[in-house]
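Starting off, we have a lone chain in the form predicted alone, written out as structure tokens.
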Amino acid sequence: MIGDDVALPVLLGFGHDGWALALIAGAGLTMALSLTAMAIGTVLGALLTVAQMSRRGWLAALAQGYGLVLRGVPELLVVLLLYFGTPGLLAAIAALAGLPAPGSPPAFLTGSVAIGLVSAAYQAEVFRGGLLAVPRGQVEAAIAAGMGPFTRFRRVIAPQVLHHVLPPLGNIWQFNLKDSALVAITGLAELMRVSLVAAGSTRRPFAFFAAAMVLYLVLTSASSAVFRFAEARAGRWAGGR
């Protein structure tokens, strides 16, 4: 271990004994993990929204059940289930097909999918609320004006839905960013994992956890600024509603 006889500025610096580069790389991996999870959640959430609003009762019930389960269990449990359960499931499927076991999926993939699955349950509700907030009369007026489905969605529905969903999506993004710390249990070298390793190696836990906290605050603050800018643009696009 190093750290007892090394000055704190050196440990947090970019030199030979410094951890600054590793912490910044961990923050970058945290951002990549969160973006991937958000993208998975957005695609799956949109599909769940379509299913929830479907006239097929069984499909709507299935989508609602998905949301009930994924919103009702801890995110850490989903990460553990996928990380430790997926290898056995894949091995069983491969055995049935007469193929060799594929081994464990990458920790990045497991973590992003786990967080994305939970994120989708929340995003589906956000999208559904955004669609329901569009006045039915405006849609009927667009149909009466002869707009096709694509033009109607682009000019009438999408701007208003975007205006309504961006603020809650910003909150979901912040949750995804913080939930990425749970993936540290898989050994992925994201920000939380790097700070844990650095704290254990140097025996300076307060310094490195405080440094991680600062980096998380930088990421969340920058993200909030981006969403505020997007919300302002969406408000103008929706006609200042």
Partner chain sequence: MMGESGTGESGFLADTALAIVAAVPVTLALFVACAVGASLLAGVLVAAQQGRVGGLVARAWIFVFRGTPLLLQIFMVYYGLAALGPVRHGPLWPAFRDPLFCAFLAMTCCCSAYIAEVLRAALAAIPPGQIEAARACGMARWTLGRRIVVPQMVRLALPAYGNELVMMLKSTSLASSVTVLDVTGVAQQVIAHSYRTVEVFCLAAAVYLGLTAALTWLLRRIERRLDPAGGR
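Everything numeric in this text was worked out from a predicted model, so none of it was measured. Numbering follows the first chain given and starts at 1.
There is also a form predicted together with the partner chain; it is not shown, and the following applies to it.
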Contact assignment for the partner chain in the model of the complex, among Leu47, Val69, Leu59, Ala39, heavy atom within 4.5 Å: Val69
Sole residue of Ala232, Leu21, Ala225, Leu217 within 4.5 Å of the partner chain in the model of the complex, by heavy atom: Leu217
All of Ala7, Phe14 and Asp17 with a heavy atom within 4.5 Å of the partner chain in the model of the complex: no
Partner contact for Met192 in the model of the complex: the partner chain, 4.5 angstroms, heavy atom: yes
4.5 Å heavy atom contact, Tyr122 to the partner chain in the model of the complex: yes
Leu182: touches the partner chain in the model of the complex, heavy atom cutoff 4.5 angstroms: yes
Heavy atom of Leu33 within 4.5 Å of the partner chain in the model of the complex: no
Members of 73-93 lying within 4.5 angstroms of the partner chain, judged by heavy atom, in the model of the complex: Val73, Pro74, Glu75, Leu76, Leu77, Leu80, Leu81, Phe84, Gly85
